[in-house]
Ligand code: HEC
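What follows is a single chain, given as structure tokens, in the form predicted on its own.
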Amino acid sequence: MKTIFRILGILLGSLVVLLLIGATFIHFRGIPQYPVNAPEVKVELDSARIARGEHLAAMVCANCHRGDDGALSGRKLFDIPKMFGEIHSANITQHPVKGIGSYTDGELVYLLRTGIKRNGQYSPTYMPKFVHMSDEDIYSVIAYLRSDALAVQAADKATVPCKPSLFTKFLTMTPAFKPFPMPEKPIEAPDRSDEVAYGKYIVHGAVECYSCHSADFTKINTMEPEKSLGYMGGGNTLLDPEGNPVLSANITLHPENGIGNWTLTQFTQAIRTGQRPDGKPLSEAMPKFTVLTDEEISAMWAFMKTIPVSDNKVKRTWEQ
């Protein structure tokens, strides 16, 4: 019997040593780097593109990158779950050293599509990758970043290095969290006259509602969002501005556990003002999309009517 226990002890000790070696390797290896194969792209600036880019940036960039100075100079992200580490958004103003002023248009396209920076370093899961956004909308965002808008003028503010957790470093070694491939063919936005298709494009390609409103950040399927665990049924852990954990809401049209009893008007109010139909506020972890147009919100609502209903019951913010 003593021999058996001795063997088990040796096996257990060996396993612990292997785990420590693996953890040490992952820690010091850090976030991986990849070859940069940026396309040859030159974005032509015009007023329509810049205006469209400003609209998109207000929805998908400003929430994370707007600093205390009002510019897109970066900040500490308090709403990122602690399991990912201490995360700071980058300075994406036109500063040639501290911002993205030295990026080529192709390098920006490559970063937004794949998550790979111009130095080859990969941006982990907390940086969205716009794999479904149309080429024209990607170009519009870049046109805005190159424009005379005050928010993107060179800000002399260094990006604070992120401190990714061991868990984040591990995730970047798994197949599910590798860089995304560049599209093999052009991506076009659907015609706005097709409300359902255009609403899906906004929900998946621009605002990315599914990433927060599904069950788990680590189980998100970016290429096929509908296959994400708990798609749009909520339950993912977020953080409010004070760092308190809150659960994302079920936003399928379940009549009791979701928003199935809401009207389009009530949905619009919640999206823009953060107020529910019953007068209670949404969690502060939910951004206010004040710039979304009536047309865009109506399209989102039309698409959400087609999403399979989830009966997942999520505790409301005031119940947690």
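Since the model is a prediction, treat every value here as computed from it, not as a measurement. Residue indices: 1-based, along the sequence shown.
The same protein also has a form predicted in complex with the named molecule, omitted here; what follows describes it.
- Annotated contacts: C212, I259 and F267 all touch the named molecule in the model of the complex [non-hydrogen atom within 4.5 angstroms].
- This chain appears without its partner; in the model of the complex, the one residue of A151, A143, I220, L108 with a heavy atom within 4.5 Å of the named molecule is L108.
- Residue in contact with the named molecule in the model of the complex (any heavy atom within 4.5 Å), chosen from L292, A38, V43, L253: L292.
- Heavy atoms of F84 never reach within 4.5 Å of the named molecule in the model of the complex, leaving it off the interface.
- Interface membership of L171, defined by any non-hydrogen atom within 4.5 Å of the named molecule in the model of the complex, is ruled out.
- In the model of the complex, at least one heavy atom of P124 sits within 4.5 Å of a heavy atom of the named molecule.
- In the model of the complex, H55 stays away from the named molecule, with no heavy atom inside 4.5 Å.
- Taking the named molecule as positioned in the model of the complex, the residues of 74-95 that bring a heavy atom within 4.5 Å of it are, in sequence order, L77, D79, I87, H88, S89, A90, I92.
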